[in-house]
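Here we start with a single chain on its own, the form predicted on its own, put down as structure tokens.
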Amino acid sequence: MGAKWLKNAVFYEIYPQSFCDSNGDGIGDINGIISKLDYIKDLGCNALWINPCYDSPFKDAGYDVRDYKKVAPRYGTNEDLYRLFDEAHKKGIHVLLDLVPGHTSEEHAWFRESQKAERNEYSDRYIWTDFWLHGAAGMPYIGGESERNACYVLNFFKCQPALNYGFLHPTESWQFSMNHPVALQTREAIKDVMRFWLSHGCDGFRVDMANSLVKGDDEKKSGTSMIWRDVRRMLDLEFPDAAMVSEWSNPKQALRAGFDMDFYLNYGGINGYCTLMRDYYDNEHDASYFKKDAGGNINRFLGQYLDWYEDTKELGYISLLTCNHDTTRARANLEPNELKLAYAFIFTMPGVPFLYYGDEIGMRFLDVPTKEGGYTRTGSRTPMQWNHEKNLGFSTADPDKIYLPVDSAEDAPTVADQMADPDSLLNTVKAVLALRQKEEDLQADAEFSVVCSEPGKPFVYRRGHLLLAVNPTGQELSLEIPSGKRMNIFRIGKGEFHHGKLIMGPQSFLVVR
């Protein structure tokens, strides 16, 4: 494992356009983030992940990068971002930027040169076929939009041409191997971008679509993994404290590829992570484990998680998250009391957890029109709700000028309201995160084992010398655990040990030493 500071890290994800608008133009910005650093630290988070803030035409909310080394003017300047790094570091907060290595915007200068008919140094920076009538062998592609007599491969949306890292096993004349000079140049170009931001104070990267680099890769992602191991060697030599978290959701591959952390995401329909809070995608019934009396089963999560954890615990960290910018907010189906238990679980499990902005107050998933390629994800990207001032404190702009509408409900949750309520979701999150920082046995690499996962019983697990139990149901649950004297150190709801018996009241969470 590389960055030692990850041991006690808790990340806060910020969607910059929706967090805090400092200049009244209706869009969140870097100075707005700086103004809220004390709030983030007080919350209990000591690291940030900031979604793309680079220059972009914003056809995919900034994941279509036009210039990797320039901050988008709507967010501020490069100097503003350097100041964010500096101010965050003064408060003991690390900062990860979002790296988008698999593609650029179609407006990137590299791609504009690559489109030209005349050969130049960027002609092979992207993947092109050899003729305008030749498609891309089963990959998505675009033809007819360049003066170049060829078609180009896409990595995601139409606006995102794929960068050329080569093919694992080239089969066509226009396909280069991973070790071809043009593929190596692409690799070095991305390393150059990483060096640029790391040298200015960035602490690492969340890597978008991290497993998408090499085309024609095998199921093990051997080619793409080889590239990331090469990047890791560069970081170890030049920036040994830099951290990387991958959007891969396969820690067996990602952590062996050199990543410090891998996100556990809702990939592939109902997986283990989905069963915790979002077990409704493939059926009408919500069977989420943390949904009160939904009949959820923690073993649906553990079946996948334990296999991954045992295989990778010496390699790096699995990162559980409350939500992210691509995921439906958990408040869409869970009530605040259910979220308290879900978050307490996430923040006391092994690995490095991530808290999505606004989840700490239970922001809702809103039914809003698509914005900048968000589509069904847009409802999780609405402005942060700070107070009951104009636009819920997000911006002083006219409501029709802000990036997305705020929650119009009378009971829209706000930071101000929940700060004043000792029993609020916000104050529960703060208490759990304070406990995590205080207790080394709750941090990233402390020992973890399952004590009881039997249906109809509390879920009980061990972290180091601590015993933790959760009961998400509406009924009292109990479990015989012969033991000596135990001391409660944290509790949500009613839970206790009594004469060798663990008794968990409805919707409760307990930590004992």
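Don't overthink the numbering: it's just position in the shown sequence, from 1. No experiment lies behind these values; they were computed from the predicted model shown.
This next part talks about the form predicted together with a small molecule, which is not shown.
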At the 4.5 Å heavy atom threshold, is residue 203 in contact with the small molecule in the predicted complex? no
(Q) Considering non-hydrogen atoms and a 4.5 Å limit, does the small molecule approach residue 397 in the predicted complex? (A) no
- Just to confirm, residue 224 within 4.5 Å of the small molecule in the predicted complex by heavy atoms? no
Would residue 156 count as touching the small molecule in the predicted complex under a 4.5 Å heavy atom rule?
-> yes
For the small molecule in the predicted complex, the stretch among 320-328, 409-417, 276-284, 422-430 with residues bearing a heavy atom within 4.5 Å is 320-328
*Three-residue site 103, 247 and 381 fully in contact with the small molecule in the predicted complex at 4.5 Å by heavy atom*: yes
Picking from 338, 260, 208, 217, the single residue whose non-hydrogen atoms come within 4.5 angstroms of the small molecule in the predicted complex is 208
Assert contact residue (the small molecule, in the predicted complex, non-hydrogen atom within 4.5 Å, options 148, 232, 377, 252) equals 377
